[in-house]
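Single chain ahead, written as structure tokens, the form predicted alone.
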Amino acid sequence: MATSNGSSTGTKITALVVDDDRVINAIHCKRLNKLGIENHVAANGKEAVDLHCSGKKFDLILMDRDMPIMNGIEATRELRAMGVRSIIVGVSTRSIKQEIQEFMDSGLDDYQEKPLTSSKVISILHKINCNEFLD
């Protein structure tokens, strides 16, 4: 089940963290919270797809590659097929170019190795023109 870890600052940016690793979820949510980004968590790709089917929308999706039930490649393809236009960033420990390219080809906008550092999150936000949140 998805959970919310957002701040109450009235932020305009929303993010969905999709990862089956609770420690990684906590790290990524903490980084997003520090930047005032409201975030939600899904434990696998199916939960992410189900959230979108229920009408939820996010500006940014941080998508793990390897998860049970529905992996990040399948979930990204499904979300894109549904017309989801969120910025989807693949986040994985995979470092082989062919595996990264396969993930990118599923419909990602960017790829970062995990865990995300503050500088990686800021880099992602710059790419999606969220400069007003980085001052």
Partner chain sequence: MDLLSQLRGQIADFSAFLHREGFVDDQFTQLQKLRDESSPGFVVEVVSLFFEDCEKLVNNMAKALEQQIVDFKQVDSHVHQLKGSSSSIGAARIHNVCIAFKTCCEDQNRDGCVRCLQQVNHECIQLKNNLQTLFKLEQQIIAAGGSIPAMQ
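Positions refer to the first chain, counted from 1. In this text the structure is predicted, and so the values were computed from the model without any measurement.
Only in words, not in the display: the form predicted together with its partner chain, which the text now covers.
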Contact label in the predicted bound form: residue 85 to its partner chain, heavy atom within 4.5 Å: no
Any non-hydrogen atom of residue 116 within 4.5 angstroms of its partner chain in the predicted bound form: yes
Residue contact check: residue 93 to its partner chain in the predicted bound form, 4.5 Å heavy atom: yes
Partner proximity in the predicted bound form: residue 34 to its partner chain, non-hydrogen atom cutoff 4.5 Å: yes
Residue among 26, 70, 51, 100 with a heavy atom within 4.5 Å of its partner chain in the predicted bound form: 26
Contacts with its partner chain in the predicted bound form, stretch 49 to 71 (heavy atom within 4.5 Å): 66
